[in-house]
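Taking the form predicted alone, here's one chain by itself in structure tokens.
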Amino acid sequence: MSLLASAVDDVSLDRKTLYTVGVYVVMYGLAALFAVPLFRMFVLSVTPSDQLFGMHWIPAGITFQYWIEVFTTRDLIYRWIWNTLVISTITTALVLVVDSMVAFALTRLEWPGQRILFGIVIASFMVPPHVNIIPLFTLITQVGWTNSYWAIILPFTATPLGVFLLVQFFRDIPEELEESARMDGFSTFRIYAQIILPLSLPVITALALFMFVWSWNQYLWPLIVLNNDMAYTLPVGATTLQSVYQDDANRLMAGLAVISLPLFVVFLIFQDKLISSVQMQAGTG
């Protein structure tokens, strides 16, 4: 019986090992598949024009001429980087302030209708975001905010995802801390600012990074409300490079690589926090 049990354990171990190997092969294979377009973009951006035709994973010669031309002749890219940075930063800051206050009011204050409001927040997940595009565009046009930062920032200052994440986290903070603070004379705002927010720093950091990256990559809504080159964000501006360099793939790839760099640097610096934010978002789904 002992030999039979040992044999069964060996078979189980082998299956587990094979499963683990299979998972790693699939995951690394998918990662390589996603990396191929980015790799080709950087390779083509440093490939001389006379070696452009044909499939070469590594060019025989490398030149940074096209990168230098993009940096020195395409001043609009600096403007697009600045626009995107301002919009992403302000949007993220406003989302954190508004969502945290709403979540605090839903979890720490007693007032009539809070369950109904939280139900509306949860129900808003079911509404496709594209449904709001026409009413929002009509409103933005009527108030004259077309081609302005506020046209992109204000429609997204409160997100149901952020409220839901923070509500779940705030509920786990012991109420005894709040009661002790009130006995020490803390006001409601001091409890929010000096107790709840510091204790919620991990989820707030994850939400901030997720919102910053999401706002940076926004394409459809900025494309609708912006029609001036000087007001473009990076994703919208990138589409205009295709018409400028339609017969010059090297310079087009160099421009796209330059546009991709800022967010790539952000990922390298905050990759652990970004992965945490994605995991938190997946947990809410």
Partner chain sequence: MATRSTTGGVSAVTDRVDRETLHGFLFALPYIAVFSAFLFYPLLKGLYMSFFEWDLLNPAQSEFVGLANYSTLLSDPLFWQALTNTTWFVVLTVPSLLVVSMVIALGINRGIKGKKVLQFFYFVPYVMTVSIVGFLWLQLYASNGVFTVYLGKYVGGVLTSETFALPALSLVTVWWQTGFYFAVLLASRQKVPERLYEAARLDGAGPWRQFWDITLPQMKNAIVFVLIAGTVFQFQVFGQVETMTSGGPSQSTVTLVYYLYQLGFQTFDLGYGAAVGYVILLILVGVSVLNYVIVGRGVDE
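Only the largest set of C-alpha atoms that superpose within 1.5 Å between the two forms is called the rigid core. Bear in mind the structure is a predicted one, so any value in this text is a computation, not a measurement. Positions refer to the first chain, counted from 1.
One more form of this protein should be noted, the form predicted in complex with the partner chain, which is absent from this view; the next part is about it.
Though the partner chain is not shown, can you say which of P174, P198, P135, G144 has a heavy atom within 4.5 Å of it in the predicted complex?
Spelling it out, the residue with a heavy atom inside the cut-off is P135.
I58 within 4.5 Å of the partner chain in the predicted complex, heavy atoms:
Because no heavy atom of I58 falls inside 4.5 Å of the partner chain in the predicted complex, the answer is no.
Applying a 4.5 Å heavy atom distance criterion, does P202 contact the partner chain in the predicted complex?
So P202 does not count as contacting the partner chain.
- Query: Can L96 be called a contact residue for the partner chain in the predicted complex at 4.5 Å between heavy atoms?
  - Reply: L96: no, not in contact with the partner chain in the predicted complex.
Is R115 near the partner chain? Define near as a heavy atom within 4.5 Å, in the predicted complex. Result no; R115 lies far from the partner chain in the predicted complex.
Margin query: Residue by residue through 245-274, which ones have a non-hydrogen atom no more than 4.5 angstroms from the partner chain in the predicted complex?
Written below: Contacts from 245-274: A249, M253, L256, I259, S260, L263, F264, F267, L268, Q271, D272, L274.
(message) Taking 2 Å as the cut-off, check whether the CA of V23 shifts that much or more between this form and the one not shown after a rigid core fit.
(response) V23 C-alpha, core-superposed: shift of 2 Å or more.
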